[in-house]
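Below you will find one chain, with nothing else, as structure tokens; this is the form predicted alone, and questions on how it binds or moves follow later.
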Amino acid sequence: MWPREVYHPIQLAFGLTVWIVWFIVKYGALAFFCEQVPPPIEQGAFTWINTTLLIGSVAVTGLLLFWANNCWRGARAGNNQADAETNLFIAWLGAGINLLGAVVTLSQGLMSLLLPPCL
């Protein structure tokens, strides 16, 4: 049986909270490094800053996809308790929110392949 954590209401805020923290860290670090050690503009998008941001985005995306998979599998397994409908709703919605956070994180991370970091 799946761990009870996938039915906990914290699942409804977990994915978006991680995405918000990553968003703040990503753009804060980008602003800091562009101010302190900007790469040459001629280098284009292939800089150490963009590489670091892309690796971080892929790592956070993987974490969010892992959580979405756990919630999805927990929802598919069902719950035999009295409040099963509420638990299944939380698990399905948690899976969707984590998946949304993963898609947004990856789409922002892929921008690192296209744009120079310090315009």
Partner chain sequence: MNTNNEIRKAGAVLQDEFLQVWGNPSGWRALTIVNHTTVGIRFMVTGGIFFLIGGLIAMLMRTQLALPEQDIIEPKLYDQLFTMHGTVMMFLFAVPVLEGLAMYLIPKMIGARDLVFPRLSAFGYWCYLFGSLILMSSLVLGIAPAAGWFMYTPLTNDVYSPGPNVDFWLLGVTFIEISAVSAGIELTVSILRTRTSGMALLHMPLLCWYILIMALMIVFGFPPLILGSILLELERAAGMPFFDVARGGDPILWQHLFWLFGHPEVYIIFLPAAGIVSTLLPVFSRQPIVGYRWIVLAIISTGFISFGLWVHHMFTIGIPQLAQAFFSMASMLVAIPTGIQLFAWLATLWTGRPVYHVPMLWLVGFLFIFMIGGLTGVMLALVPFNWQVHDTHFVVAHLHYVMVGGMLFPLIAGLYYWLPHFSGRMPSDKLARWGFWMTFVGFNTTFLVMHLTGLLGMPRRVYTYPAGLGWELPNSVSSMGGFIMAMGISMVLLDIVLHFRFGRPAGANPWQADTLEWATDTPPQPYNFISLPDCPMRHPMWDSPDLQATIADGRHGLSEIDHGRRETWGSDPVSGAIREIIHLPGNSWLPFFSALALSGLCISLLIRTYSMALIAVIASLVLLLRWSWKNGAFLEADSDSAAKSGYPQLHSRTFDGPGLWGMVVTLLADGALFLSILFGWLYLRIVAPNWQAPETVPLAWQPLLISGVLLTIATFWHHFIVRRLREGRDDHLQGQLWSIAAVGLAHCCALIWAWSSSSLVTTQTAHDAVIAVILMYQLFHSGLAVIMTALQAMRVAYGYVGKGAPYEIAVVKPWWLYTTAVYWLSFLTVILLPIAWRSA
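This one's a predicted model, so the numbers in the text were calculated from it and none came from an experiment. Positions refer to the first chain, counted from 1.
There is also a form predicted together with the partner chain; it is not shown, and the following applies to it.
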Even though the partner isn't displayed, in the model of the complex is Val58 close enough to the partner chain, meaning a heavy atom within 4.5 Å?
no
Heavy atom to heavy atom, is Phe89 within 4.5 Å of the partner chain in the model of the complex?
yes
Heavy atom of Leu93 within 4.5 Å of the partner chain in the model of the complex:
yes
Taking any heavy atom pair closer than or equal to 4.5 Å as contact, tell me whether Ala31 reaches the partner chain in the model of the complex.
yes
Enumerate the residues of 10 to 39 that have a non-hydrogen atom within 4.5 Å of the partner chain in the model of the complex, in sequence order, or give none.
Leu12, Ala13, Leu16, Thr17, Trp19, Ile20, Phe23, Lys26, Tyr27, Leu30, Ala31, Phe32, Glu35, Gln36
